[in-house]
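The chain below stands alone, shown as structure tokens; this is the form predicted on its own.
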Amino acid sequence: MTSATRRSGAAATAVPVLEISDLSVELSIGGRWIQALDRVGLTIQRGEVLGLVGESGSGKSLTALSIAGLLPGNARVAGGSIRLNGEEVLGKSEQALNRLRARSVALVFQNPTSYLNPVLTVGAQIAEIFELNPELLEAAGGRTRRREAWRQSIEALRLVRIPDPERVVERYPFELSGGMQQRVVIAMALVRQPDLVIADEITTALDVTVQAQILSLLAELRRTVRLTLLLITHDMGIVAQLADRVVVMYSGSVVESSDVRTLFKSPRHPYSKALLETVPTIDGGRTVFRPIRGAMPALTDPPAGCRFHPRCPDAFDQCSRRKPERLALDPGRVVACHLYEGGAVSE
């Protein structure tokens, strides 16, 4: 099935590009299996940007690796479902997962130098994608196909707003700045026409000016190629700029999900409120930072009940005794917090 066919079918039946339900993942640590993801759920529609936010260690990247079937050797899926265009991902063979990663899902990580071959030119690395996926090229043989792959490599760089792409294709990665390298990696992701792009902290290693340029590029690509994006970040400012909806994770669990505007206007979960307060503000000419008190609990020794309760300013007795259930407060608004039990319907 071609990418165009998948898109047409998905649009006709309104099937989400990505649907994760009750995903639980365990890690082998110190000779025992530890729960790292606890019944994670999220949905992304075609053309949507979903922000997945939380501190380091909250489970964001592990969720992303689960989608692409790239879990580390000490991890295993303990339950749940991951559906891409309605098709179950979990349980697929390695060969099927390779096909999935080749066409349907593209990942872009924060350190582009780790994913670019230092001994090949940028153009050679993009052209190699066309060699491995000849269906991306119009029917052509031999030298004609190679010329077309090179031409489309230049066009891929032009798409991500790299100046003078005819010159850049001849350069090696070390000759480019970090921002330019990240644009190359984004271009390499997009040439495969994936159904879903997963961007994991892709601006973290960049300075503020370059970060703004990359975010502007993503916003533009969303309009021009109808990019469907899972945006993983710890920065609520980036979520406000790019995302339609947001899923907040803490210590392996989803604690709140909502459309972006609603969450920023009235966050319900105390952790969501704390994350928003960490966004720097200006007060009398100085930048004010409000870090969240305490630290993320260790996976090997999590607190009983709600895992956020030791850091929560609103905690009460019930919070340390029992895990909160996911509650649907409003259409599209889900919160896992004891503060709202009795006033909402369990999801």
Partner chain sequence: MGLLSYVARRLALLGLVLLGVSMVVFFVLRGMPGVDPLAAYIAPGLPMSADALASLRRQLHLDEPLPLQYVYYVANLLKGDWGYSRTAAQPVLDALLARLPATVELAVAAVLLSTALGIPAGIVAALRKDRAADVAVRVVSITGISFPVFWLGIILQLVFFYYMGQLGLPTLPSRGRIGDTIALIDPITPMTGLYLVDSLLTGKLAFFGSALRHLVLPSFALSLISLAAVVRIMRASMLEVLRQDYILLARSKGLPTRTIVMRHALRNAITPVLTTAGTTLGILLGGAVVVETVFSWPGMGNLAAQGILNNDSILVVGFTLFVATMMVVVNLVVDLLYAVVDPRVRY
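If you're wondering where the values come from, they're calculated on a predicted model, not measured in any experiment. Residue numbers count along the first chain shown, from 1.
Beyond the structure shown, there is the form predicted in complex with the partner chain, which is absent from this document and is the topic of what follows.
Trainee: Could you tell me which one of 102, 219, 90, 212 places a heavy atom within 4.5 Å of the partner chain in the model of the complex?
Mentor: None of the other options qualify; the answer is 102.
Trainee: Looking at 298, 29, 304, 70 here, can you tell me which has any non-hydrogen atom within 4.5 angstroms of the partner chain in the model of the complex?
Mentor: If I apply the 4.5 Å criterion carefully, the residue I get is 70.
Trainee: Given a 4.5 Å cut-off on heavy atoms, tell me which of 152-160, 107-115, 226-234, 80-88 is the interface stretch with the partner chain in the model of the complex.
Mentor: That would be 107-115.
Trainee: Please run the contact check for residue 315 against the partner chain in the model of the complex: heavy atoms, 4.5 angstroms, yes or no?
Mentor: No, residue 315 is distant from the partner.
Trainee: Does residue 273 reach the partner chain in the model of the complex, with heavy atoms at most 4.5 Å apart?
Mentor: Outside the cut-off, so no.
Trainee: Is residue 244 one of the residues lying within 4.5 Å of the partner chain in the model of the complex, judged by heavy atom distances?
Mentor: Outside the cut-off, so no.
Trainee: Should residue 125 be classed as touching the partner chain in the model of the complex when contacts are defined as heavy atoms within 4.5 Å?
Mentor: Result yes; residue 125 sits at the interface with the partner chain in the model of the complex.
Trainee: Can you list, in sequence order, the residues from 228-242 that come within 4.5 Å of the partner chain in the model of the complex, counting heavy atoms only?
Mentor: Residues within 4.5 Å: none in this stretch.
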